[in-house]
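Shown next as structure tokens: one chain only, the form predicted alone.
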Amino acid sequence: MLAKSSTELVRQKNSVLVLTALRRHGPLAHTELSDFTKLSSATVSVITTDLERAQIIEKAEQQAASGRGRPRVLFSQRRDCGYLIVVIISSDAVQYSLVDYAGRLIDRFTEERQQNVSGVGSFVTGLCDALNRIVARSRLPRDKVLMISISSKGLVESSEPVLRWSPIFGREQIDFAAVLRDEWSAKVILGNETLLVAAAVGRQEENKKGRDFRGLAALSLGHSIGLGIVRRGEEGKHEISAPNFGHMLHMSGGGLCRCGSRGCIEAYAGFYAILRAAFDVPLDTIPAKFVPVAELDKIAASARQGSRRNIFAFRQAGLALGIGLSRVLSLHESMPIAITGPGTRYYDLLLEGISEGLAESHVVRMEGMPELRVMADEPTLVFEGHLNRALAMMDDDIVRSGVVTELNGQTG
């Protein structure tokens, strides 16, 4: 029994390796799977046969561009093996996407959040309605959805899909598994939005640099301030974290933050903080829950035309960010910083303050200014982070559910 159990575990591990290679590189031939997974040709044959029999992957012939020679046989995921729903909660809207097992987008819609309607109850009602609607539009049974992946800014539990605190709902917690348990058999996962961004950017960097990739920080600018850190760990695995950067202390007894504390980085660098500084509003004024980007655009246009007060508002925001980043680099090590989010449209106004704050760090003085790059398309990075995380988990869950082993036993 022990030997059989050990054999099954090895087979499951090898199956995950094959599925991971297909996720990372797309449709692959038998020899390519062997190269990427470092498995023998015979083992790849056994694994692909099992996965194909279990209707997890499929193979198709691809004719050479010249039209000559024997066509290549490529393996890929079966699109109808299962489905994923991605829910992205932002300050002003909630986006719902339906994705098949191959990672292809089937349907998507966005619902604006009504700023005058707050509270978890109304949000949960809208969430349940939208989830039912997205499968109904594709005439898909709910039991074909294997996973619902949700993201939000804020504090999330590491082991359960519980939103502990968010800029939208404050201290009102949401247990998404409990909310959806009665109607959905799908596994529910929750992630911090900036962590997903860091994971996506880290994957892109590794694809470019390979083993030379060591680490990267992703700074999200907007209504909220977030930071994700990805580092290459042992055996090449990525170690990803999302420290509560926006609510790190910037100035003791300083400006009032949306979290209720005073002096947070966000209280100086978030959109509401820039608005407050531009209009010289007292620092103890209750922050606005939502600031339209159009309002910040007006302040930015004025700053670019020479308004000293508005230039100062952006410089102070940049300084808070730079000092916070200098502390992060002191605790970790110097690494590239990718700047994302709607706030990147004001990068030219923030840069002087960011650079000044970073320069106060000993590690920066010793090793030089870290590479700063702007990646403005944050929504795409968030979605990519969802797919990378959720589809990998779906692969692992399907293999470990025993369906491959059971089918193998029936035919053995």
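Numbering starts at 1 and runs along the sequence shown. All of these numbers come straight from a predicted model, not from anything done at the bench.
Absent from the display: the form predicted together with another copy of the chain. The rest refers to it.
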- Item | Whether 129, 292 and 296 all lie within 4.5 angstroms of another copy of the chain in the predicted complex by heavy atom | no
- Options 129-137, 255-263, 74-82, 145-153; stretch whose heavy atom lies within 4.5 Å of another copy of the chain in the predicted complex: 255-263
- residue 248: touches another copy of the chain in the predicted complex, heavy atom cutoff 4.5 angstroms: yes
- Wondering, does residue 231 line up within 4.5 Å of another copy of the chain in the predicted complex on heavy atoms? yes
- Query: Just to confirm, residue 164 within 4.5 Å of another copy of the chain in the predicted complex by heavy atoms?
  - Reply: yes
- Contact between residue 42 and another copy of the chain in the predicted complex at 4.5 Å, heavy atoms? no
- Item | Partner-contacting position among 88, 328, 277, 189 - heavy atom within 4.5 Å of another copy of the chain in the predicted complex | 328
- Query: Of 239, 92, 183, 107, which one comes within 4.5 Å of another copy of the chain in the predicted complex, counting heavy atoms only?
  - Reply: 239
